[in-house]
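Just one chain follows, in the form predicted on its own, and it is written as structure tokens.
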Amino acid sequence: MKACMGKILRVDLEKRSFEEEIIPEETWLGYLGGVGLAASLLYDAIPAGADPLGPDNVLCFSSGLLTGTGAVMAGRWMVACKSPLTGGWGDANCGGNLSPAIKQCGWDAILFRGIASEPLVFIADAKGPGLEAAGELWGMDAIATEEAILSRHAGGKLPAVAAIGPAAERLSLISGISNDLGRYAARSGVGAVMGSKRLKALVLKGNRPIPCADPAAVKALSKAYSDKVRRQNLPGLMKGRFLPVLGKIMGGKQVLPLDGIMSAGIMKRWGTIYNNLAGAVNGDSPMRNWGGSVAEFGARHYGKLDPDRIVKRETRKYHCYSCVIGCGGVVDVSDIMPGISHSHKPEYETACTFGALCMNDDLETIYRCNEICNRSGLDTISAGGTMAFAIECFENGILTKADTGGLELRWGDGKAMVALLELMAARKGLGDLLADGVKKAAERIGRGSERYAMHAGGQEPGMHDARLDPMMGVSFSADPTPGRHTISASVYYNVSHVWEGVPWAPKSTKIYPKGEEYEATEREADKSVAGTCLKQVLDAAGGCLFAVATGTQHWRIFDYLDAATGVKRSREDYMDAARRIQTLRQLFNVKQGLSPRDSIMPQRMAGEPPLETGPLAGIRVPIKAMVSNYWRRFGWDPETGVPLPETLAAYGLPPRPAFQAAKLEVE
């Protein structure tokens, strides 16, 4: 089969040895690549009960099946392992420039196990793989590390680099891995795993061609899509101040069918930060640690986070490899932080977690927090969620100035937020207690603090409120990597057109009452399952979520896969492969002793008790019933979330490990 290199590299850091392995074609047919390839490898490679920060955990970097074939919007890479944050399946997704570099070195995935006796850098080039002492790189921040490595390779083809910062070296469970000077595979604590192995960086400088079965067909698909994106331009008079109107339309009582290609214009203009204003007015943006509303953080506050103010700082637009949208941006913040003229602009998740979630309306604080995280390696979502938890604990007397080292943690106090984040990055004082996320922090603090710890299965959720989009809540609660906002949601599903060629996926082509999304019906469950499966295909292919958000009738992922691999398959075949991937990820968690029901998000996030003000006032989400239906439609036990024996047999998966769990009580 084309599109894949057909091999992986296993690296034993303790023995400093390398072993190439040929992957049989049936693996590609069954798991596709990317996250699917990682799942197929790690389920067997990581033993039950393995210490996530120990030698038996395996850190897998994998490229997507479409990467390097000429497909646009297909430059994403995955890193997967046993998560130290959740104790189960962990993965993180990133753009940048690393994905094609993995394949250009001759492999589809690189797997690291063991613990090095000293800090090391992995290097692969035309001569093959090698390991070198990290030397003075250990202790450097992630951006400085990459800059130092790139300077050593000046004058020729620059390598792609993935590196960790000091937070990962200090084993913060909410740390990630940086690529391309600040793009992040941030979630699941993958940075801590890399730090535990004393692996400072990957340096990839291969030059092998990436095979494609039908380059002409792939080129035609890419041209057709690129032309559509090029035509999507917003009028010059369209300013950020109009985004609250868009937000109100998106949060209305009637759901309108929209052509997702229109989002390309928005993403080209602002990127994800368009939601700084749109999400504030319709309730998508969680506020005051998921306990507040726009009634407390009104226009005079959220208006200060206008994306136009951020875009004004852009020195250039940023495109990941093979991207034709360019939602990112490089900003100059040297007037705020002297010497920092190259900084990736804060994404929406970052702006919200250090903004509305903490009731902060100061952009300077957000820039500072963004840069601290990018250099230290902290995940902005988890770091901001942990900060909001700490502020609420302080406001309620659970934490005192004696605990904080004199800091007064108050809602919206930017100076205190920056000071606390610096402590978290350095693991000093209270920051040491908070550096592993809200679940661990609540366990350490006690005294009732767990009621303010907003997490799903140990991971802080993305900045999208399930009281606006209940399907998002199902993803937070039921995905094997809980708390993720990039899996499935109604807002994604309704523009995906995945139902075209997938008969069991419910159509979303007509106006319908918003209230239907709050019902625990089979239709809503099937939408969640179909959206989840589409995301697994996407992550296996190395595709971008924003490409799917423009609609699969425009970015034709299934046609791309047929053309690139040379294997013609139905959409249902691809969705079956996605079911296999998702079920194996869930089985990994069961093997590691987790109870899926323990990942269901807190009742506060589901509207219990309901908010009293704002657009989501009075709304409750029957999350347990919705999760139970989701499990059932996947072929998993609706009470425990454990895959059923007949489902495992149907997908050729190993028998499930012994598992017992109490029944799930549903609303």
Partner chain sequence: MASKKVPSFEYALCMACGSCLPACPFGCLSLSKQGLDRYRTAFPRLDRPESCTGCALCAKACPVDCIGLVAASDLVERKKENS
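Positions refer to the first chain, counted from 1. Please read these numbers as outputs of a predicted model, since none were measured by experiment.
Beyond what is shown, the protein has a form predicted in complex with its partner chain; the following relates to that form.
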query: Stretch in contact, per heavy atom within 4.5 angstroms of its partner chain in the predicted bound form, of 66-74, 613-621, 600-608, 635-643; finding: 66-74
query: In the predicted bound form, the residue from S322, N282, S293, T365 that sits within 4.5 Å of its partner chain by heavy atoms; finding: S322
query: Of V311, I115, A213, V491, the one that lies within 4.5 Å of its partner chain in the predicted bound form (heavy atoms); finding: V311
query: Output flag, K219, S226 and R316 jointly within 4.5 Å of its partner chain in the predicted bound form, heavy atom basis; finding: yes
query: R571, heavy atom within 4.5 angstroms of its partner chain in the predicted bound form; finding: no
query: Proximity of T509 to its partner chain in the predicted bound form, heavy atoms at 4.5 Å; finding: no
query: Its partner chain contact in the predicted bound form: S151, any heavy atom under 4.5 Å; finding: no
query: Its partner chain contact in the predicted bound form: Q254, any heavy atom under 4.5 Å; finding: no
query: Stretch 144-181: residues contacting its partner chain in the predicted bound form, 4.5 Å heavy atom cut-off; finding: G155, G156, K157
